[in-house]
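This document opens with one chain alone, in C-alpha cells, the form predicted on its own.
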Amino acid sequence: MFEFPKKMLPVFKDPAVQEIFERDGYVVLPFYNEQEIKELSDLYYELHPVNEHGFFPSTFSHDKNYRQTADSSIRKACERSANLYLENVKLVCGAFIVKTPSPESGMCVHQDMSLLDESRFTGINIWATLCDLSVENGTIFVLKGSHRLFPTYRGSSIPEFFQNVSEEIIDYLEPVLIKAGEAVFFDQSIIHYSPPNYSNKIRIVTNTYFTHKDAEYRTYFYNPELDPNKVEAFEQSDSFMTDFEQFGNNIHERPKVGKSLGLVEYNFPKIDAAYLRANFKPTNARELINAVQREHQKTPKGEGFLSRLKGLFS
C-alpha cells in the first residue's frame, strides 16, 4: 500500500494557486478566449458522431480518428493558458465531454481512475467549458478536500471507499458554477458528480489531463478471485487514453493493453455516514438538484426554466 507524498510536486507557477489546489483539490481559473471557444465548438460539431446520447466523452468513442483528432486539437488549444499557469508538466490527453439534454446524461458520484503512481505524482484534469454552466445543464459538483482522504487505487473493477454512502455524499457537495472559457483544475482523486442536463442545449466541455513531466502512466485492476487483498498494476504508454478501446466497452475487464507489473497490496478503505458528518459540512446541493428536476418535470418540453428558479436560492 502506498502513501501520498508529504508535499505535491508543484505544477502551478503561482504559489498561491498551488496552495489552493493542494488544500481544496481544485481551483478555478480563466482558460479559453472567445476565439478558442469558437474553434473548439466548430471542431466538436464537425467531428462528433450522430449516435451520442446522454453523457458521452470522446474517449468513449469507437471512432479512433475522432478520439485522436479531439485529443491533438484540444491539447493545442490548451497550450496558451497551460503555458501561462503551469510549469514542468506534460499535457497527455484532450477530450470532449458532452451531455445531451436527457435525464440519462448525469454522472454518478465518483473518483476518476488512477492513471499514475500517486505516491510520487498527481494527475490533474483541466475541465474547461465552452458554455456557461449551471445546475440545470449539468455542471460539476465537488466534495471539497476529498482528494487526500485516503490513498486509493481506482478503476472500474476496484471497490470505491465511499460506495456505501455514495448517495449521502450529495448532501455535502458544492456546485462549481463557471462561465464559458473558465476551467476547473481538479485532482483526479477528488470525489465529484454532475447531474443530468435538463436544458434544451448540448453541454460541451473539454477535459485535458496533465501531470508532472517525469510521471509515467499506471493503471490498476482488481480480481478478487486472484487475490482479495491485492490489485494488479499496469505500466501504460502516454497514448493510453486515446488507444484504450475499453472505455466505451467492457471497461470492467482486465486491461488488454499495457505491461503487468504484478500484484500490489491494498487495504480497501471504507467510510460510513458518521464519517461524512464528522468531516464535512452539509450544503444545499441536493435541494438545488431536486428543484431543477421538479421544474423540468412540470415545464413544457423545449421551454427554458432557469428564470423560474431565480430567487429560490441565495
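When you see a residue number, it is the position in the sequence shown, counting from 1. This one's a predicted model, so the numbers in the text were calculated from it and none came from an experiment.
Absent from the display: the form predicted together with a small molecule. The rest refers to it.
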| query | finding |
| --- | --- |
| Contact segment among 213 to 221, 132 to 140, 227 to 235, 71 to 79, judged by heavy atoms lying within 4.5 Å of the small molecule in the predicted bound form | 132 to 140 |
| Listed residue (E182, E160, E174, D112) with a non-hydrogen atom within 4.5 angstroms of the small molecule in the predicted bound form | D112 |
| Partner-contacting position among L116, I170, L86, I97 - heavy atom within 4.5 Å of the small molecule in the predicted bound form | I97 |
| Heavy atom of V92 within 4.5 Å of the small molecule in the predicted bound form | no |
| is_contact(I202, the small molecule) in the predicted bound form, heavy atom dist at most 4.5 Å | no |
| The small molecule contact at L149 in the predicted bound form, heavy atom, 4.5 Å | no |
| Any non-hydrogen atom of M107 within 4.5 angstroms of the small molecule in the predicted bound form | yes |
